[in-house]
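Let us start with two forms of the same protein chain, each given on its own as C-alpha cells and named structure 1 and structure 2.
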Structure 1
Amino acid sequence: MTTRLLLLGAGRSASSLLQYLLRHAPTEKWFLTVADVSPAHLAPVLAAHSEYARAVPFSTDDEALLEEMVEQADIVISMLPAPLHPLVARACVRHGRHLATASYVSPEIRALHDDATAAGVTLLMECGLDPGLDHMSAMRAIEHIRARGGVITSFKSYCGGLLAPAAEENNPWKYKFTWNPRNVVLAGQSTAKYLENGHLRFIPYQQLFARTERLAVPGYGEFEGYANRDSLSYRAPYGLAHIPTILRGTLRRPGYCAAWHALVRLGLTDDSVNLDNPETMTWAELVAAYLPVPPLPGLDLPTRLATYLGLEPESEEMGRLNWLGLFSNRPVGHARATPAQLLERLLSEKWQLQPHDHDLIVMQHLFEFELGGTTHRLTSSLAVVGDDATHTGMAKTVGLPLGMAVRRLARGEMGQRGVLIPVGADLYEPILNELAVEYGIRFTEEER
C-alpha cells in the first residue's frame, strides 16, 4: 500500500529533506507531491523520480487547494513559513492527516492538541535543527546522566548557523544567510528569560547583544553566544523543573554581537515604524537622519556615528558597519519601508551565500551535574559543514531529522497522537543513530 506524502514548500532549506524522501520513496512505497510557489526549479531534481514524485504549483493564498491536497495525503510535511503552520495544522486535523514540521510549537498549534488527539492525528513539531536536534541530543545526554545517578544543576545550550572558516575570508562579520534573512534581522526582539543559580534573569532587547558568553568548539575555534527569548519553557519538556541554571542561546563569531548591538542602538532593526522614505534615499542619508545635529561642523558621517554610539572611529564595530555600506551614497531601494526591511534588503546582498561557499552548523550543550559528591561537567558538541550553497549544513541538519521522523511516522512506529516534540527516546534514539551511521552527523562529548 502506497503512503502519500505532501511536502509544502521547497525552498533553500528543503534540499536535503527532498533528497532523503526521494532516496527512500521506492523502498518505503511512498508517493511524494511537492507543492511550491515556483515548482519549475524542481524539474531537474524530480526528473529521475517521476514514478513516485511530482511537483505542483501552490500558493498559500489558495486555501481551497490546500484543503484538497491535505485530504489527498496521508502525511503532510510543512516547510512553509512558521505563521502558516496553524492553517496547515487545522486542515490536517479536519482531514485526519499527520503533520511534521521543523518549526516551534506556537500557541495556536498547542491549542489543537485535544482535537488532534481525538482525531488520531500526530502533529509533530520542532523536528529540525534548532528546534529539533537540540532536543534530541540534549535529552540523550540528560537521560545518560540520570542513568548514572547524576543530578543536573546547570544546562546551557547554544546553536548557530555560520560560515565554515574558509568562507569567512574578506567578511569581517564572518556571517552569511543560510536561513530566513528576516528572522535574523528580527532576532531576539523581546526580553530574554533564563535562570542562573536559582535566580530569574531578564535581558531586554536593547541589551541582548551586549551580554554574551564565550565558548570554544573543538576544531572550530571560539564563538560568542547570546540568550534566546525564553529558556524557561524548556524545563518541563526536558524534565528539569527544579534546575537552578538553564539558558538557551544563539552562536555567532566574536565581534558580530558588538557590531549588531550598534545597529540595534541606531534603530535599524526596528520593524514597527514606516519611515515614509523615498527609494532614492541613500544609506548615508538614512544613517544621518538618525543622528542629532552635530555639535561641531566639519565632522564626517562615520565620526558622527561613532561619537553618538560611544565608539572609536577606527573600532572593529565601525569597520563592520562601513563594510556593509552604511555610509555610502547607494540608494536604499525600497520606498515606505521599516528600518528592518531596509537593513534586510542590504544584508541579503552583502550576506548572500555564494556557490563556492560552505556553511557551518555549530551546536554545543554545557551540563553541570552532581555525582558521588563531586561536580562534573559535560560538554557535547556538534559541527556540520555544508557541501555547497545548495546542500548546506543548515539544510542537512534541518531536513534530515525531519525526513527521518516522517519515515517512522509512515511506518507506524509513532503511537503518540496530538502535538508532540521529539523528546522521547523512541524517536530521538533512532534518528540520532541514523544521522551518525548514515551521514556522519554525531555529537562529541568531553567530561571532566
Structure 2
Amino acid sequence: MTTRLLLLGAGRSASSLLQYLLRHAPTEKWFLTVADVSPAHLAPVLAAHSEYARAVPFSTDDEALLEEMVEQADIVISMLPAPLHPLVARACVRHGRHLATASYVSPEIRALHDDATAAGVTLLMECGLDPGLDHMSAMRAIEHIRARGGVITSFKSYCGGLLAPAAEENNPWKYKFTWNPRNVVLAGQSTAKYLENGHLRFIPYQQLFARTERLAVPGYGEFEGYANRDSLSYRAPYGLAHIPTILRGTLRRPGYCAAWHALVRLGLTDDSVNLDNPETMTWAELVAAYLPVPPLPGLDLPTRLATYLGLEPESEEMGRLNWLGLFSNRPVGHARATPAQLLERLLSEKWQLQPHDHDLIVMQHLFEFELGGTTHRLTSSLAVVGDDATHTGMAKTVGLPLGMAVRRLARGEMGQRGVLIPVGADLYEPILNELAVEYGIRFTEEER
C-alpha cells in the first residue's frame, strides 16, 4: 500500500530532504506531494520521479487548500516558517495525520499533546540539526555514559553554521549567512542563563559576546562559543534534572565575537527604535551619530570609535569593523529604519554566500562524568562540509534527520503518539546509524 507524504515548503533549505524522500519513494512505496509557493523550480528535480512525486502550488494563506492536502496525506512534513506550525499541526490532529518538522516545540504545539494523543497522531518536532541532531547525538552519548555507570556532572554543547576554510578567505569575520540573517543580527538579545557547578549563571546581552569559550574540533581548528539564551530547559528532556553544569552555545571562528561585541556596544544591533534616518545617511554618519561629541576636533572616525570602545586603532576588532564599511561614505540605503535593519542590510551583502562557497556545520558536546572514582572527559564532535551551493551542510544536517524520521514514521516503527522530540533511542539510534553509514555524517569521540 502506498504511503502519501505531503512536504509543505520546498525552498533551498529543503534540498537534501527532498532528495532523500525521492531516493526512497520507489522502494518505500511513497507518493510525495510537494506544496510550495513557487513550484516551478521543482520541475527539473521532479521530472525523473513523476510516477511517485508531483508539485502543487500552495500559498500559506490558502487554509482551505492546506486542509484538503492534509486530509489527502498520511504524513505531513513541514519546512514552513515555525510560526505556521500550529496551524498545520491543528489540521493534522483534525484529520488524524502525523506531522514531522525541524522546528522547536512552541507553547501552542505543546498544548496539542493531549488532542494529538487521543487522535492517534504523532507530532514529531525538533528533528533537524539544532534542534534535532543535537538531541539525538547528546542522548546517545548520555545513554552510553549511563550504561557504563557514569554520573554526568557537566554537559556543554555547541553548534554553529560556519564556512569551509576556502570560503573563509578574504573575510576577517570568517562568517557568511547560511541561515536567516535577521536571526543572526538579533542573536542573544536577552540574558543568557545556564548552570555552573550547581550555581545559576547569567550573562546579560551586553556581555554575551565578551564571555566566550574556546574549543577545538579535530581537523577543523579552533572555534569560540557564546552561551545560548536558555540552557536550563534542556535538563528535563535529557533526564539531567540534577546536573551541576549545563551550557548550550553557538560557535563562531575566533575573533568574530569580540568584533560583534563592538557592534552590540555601539548600539547597531538594537531593533527597538526607528532612527528617523534619511536613506542617504552614510555609514560613517550613522556611526558618528552614536559617538559622544569629541573633546578634540580633527580626530578621524575610526580613532574616535576605537577610543570610545577602548580598542586599539590597529586591533583585529577595528579591522573587522572597517572591512564591513562602517567608516565609509556609502549610504545606509533605507530610510526610517532600526539599527538592526540597517546592519542586516549591510551584512547581507558583505556576508553573502557565493555559488562556489561550501559551508561547514560544527557540533561539539563536552561531557564530564564520575566513574570508578575518577573524573572522565568525553568530547563528541561533528563537522559536515556542504557538497555544493544546493546541498549545503545546513540543508543536509537539517533535512536528512527529518527525512529519516519520516521514514521510521511511515514504516510504523514509531509507536509513540502526541508531541515528541527525538530523545528516544528507538528513533535516534537508526537515524544516527543511517547518517553515519549512508552519508558519512558521524560524530567522533575522544575520552580522557
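Counting starts at 1 and follows the sequence of structure 1. Please read all numbers here as calculations on a predicted model, not as lab measurements. Take the two forms, superpose them, and find the largest set of C-alpha atoms that agree within 1.5 Å; that set is the rigid core.
- Annotation: structure 1 represents the form predicted alone, while structure 2 represents the other form.
- Annotation for Ser315: C-alpha shift of 2 angstroms or more between structure 1 and structure 2, rigid core superposed.
- With the core superposed, Gly239 shows a C-alpha displacement below 2 Å between structure 1 and structure 2.
- Two rigid parts move between structure 1 and structure 2, and the turn of the smaller against the larger, rounded to whole degrees, is 7°.
- When the rigid core is fitted, Thr280 shows a C-alpha shift of 4.3 Å between structure 1 and structure 2.
- Here Glu344 exhibits a Cα shift of 2.5 Å between structure 1 and structure 2, evaluated on the superposed rigid core.
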